[in-house]
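In the structure tokens that follow, the same protein chain appears in two forms, which are kept apart as structure 1 and structure 2.
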Structure 1
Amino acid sequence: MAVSESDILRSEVRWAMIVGVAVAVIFAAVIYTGIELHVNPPSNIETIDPKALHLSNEFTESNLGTRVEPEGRITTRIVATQFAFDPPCVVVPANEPVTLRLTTPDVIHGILVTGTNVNTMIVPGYVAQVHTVFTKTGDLLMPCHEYCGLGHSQMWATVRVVPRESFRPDAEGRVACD
């Protein structure tokens, strides 16, 4: 049985329409999640001088860890260095929006908080920022997932997620691991 040229053309048009509909559905899903659900790719481009982190107001040693900001926002600040996170343990409340702000003075690092969707690169000269809500309580491991040297395998921290009623900031709004 010979296939005519018109049969081939109909088949190609049909497949082109199927592909066009698939592309339109994917495009509509991206637009919907971006506008309606506020799910967007990371776009926080904030630079910082990696040689002066300890002199910068935001990333001085006394300002690291979790803090409830005056407007009520919960922010955790962490500095990644070869081969440690400072602080090595942070406390966050469950089921509350949390902003993680991270930077590094030396080489590229990466974090992945186990059991969550938190996963980002930490590049010298930039502040990495992740907004999330931790839904399960407990201690979550946060290893560096970007090879940063010989001590890389020992570079990890803990994110301690506590029930909201156990999250008790001090007079300055700070919360630390015991």
Structure 2
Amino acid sequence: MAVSESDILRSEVRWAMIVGVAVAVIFAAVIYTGIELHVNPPSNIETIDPKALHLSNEFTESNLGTRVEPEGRITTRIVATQFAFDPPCVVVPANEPVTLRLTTPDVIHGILVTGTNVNTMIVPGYVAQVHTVFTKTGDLLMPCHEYCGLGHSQMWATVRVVPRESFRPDAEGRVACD
């Protein structure tokens, strides 16, 4: 072959530059979404004892579901257990910032909400937290997406996204399905 070593090297350096640019573009896109759109993965190093979760103040049964907090923020608290979500249906308003707070008393679970980019793992020992805005109204499916035992396939809940005007909190600020 009549390819000289320097020709090969030159072609490789050129290609390496193209690779460098490609990598830089991907990287720049991530930084842009982080800075401009505030996109972050759902990190929240907030611990809670799974063995005594039902004794905790925040995740006591009567405090689960959606609540408009006194400060005005909308928070939805959900407990993932083997093999159901408590509550099995939550209501959230459309086009409003909502914070989902999820945790578990037993094993690893995870959720996604179909048709949205809501997604988090639920790891025993931690409160998983997702900040989001639901834009489409209707009943969305929220399945457990991580293997949690033999009943995993039957573990799903409903996220009911309602227009702002149909979202009517009670005196305590709570809104529930039905």
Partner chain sequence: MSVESEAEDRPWQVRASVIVVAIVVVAALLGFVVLPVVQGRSAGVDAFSAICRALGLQAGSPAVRQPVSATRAEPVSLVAWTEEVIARLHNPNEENGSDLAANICASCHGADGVSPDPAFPHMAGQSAFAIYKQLHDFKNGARGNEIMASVVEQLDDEQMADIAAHFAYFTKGALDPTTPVTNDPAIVRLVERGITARGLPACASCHGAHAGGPIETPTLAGQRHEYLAAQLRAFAKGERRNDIYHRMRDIATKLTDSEIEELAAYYAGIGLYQRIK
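Residue positions are counted from 1 along structure 1's sequence. The term rigid core refers to the most C-alpha atoms you can superpose between the two forms while keeping them within 1.5 Å. Model, not experiment: these values are computed from the prediction.
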**Request:** Look at both copies of the chain and name the one that is the form predicted alone.
**Result:** 1
**Request:** Please check if residue 170 moves between structures 1 and 2, taking a CA shift of 2 Å or more relative to the superposed core as movement.
**Result:** no
**Backbone CA shift between structures 1 and 2, residue 13, after core fitting (angstrom)** = 5.2
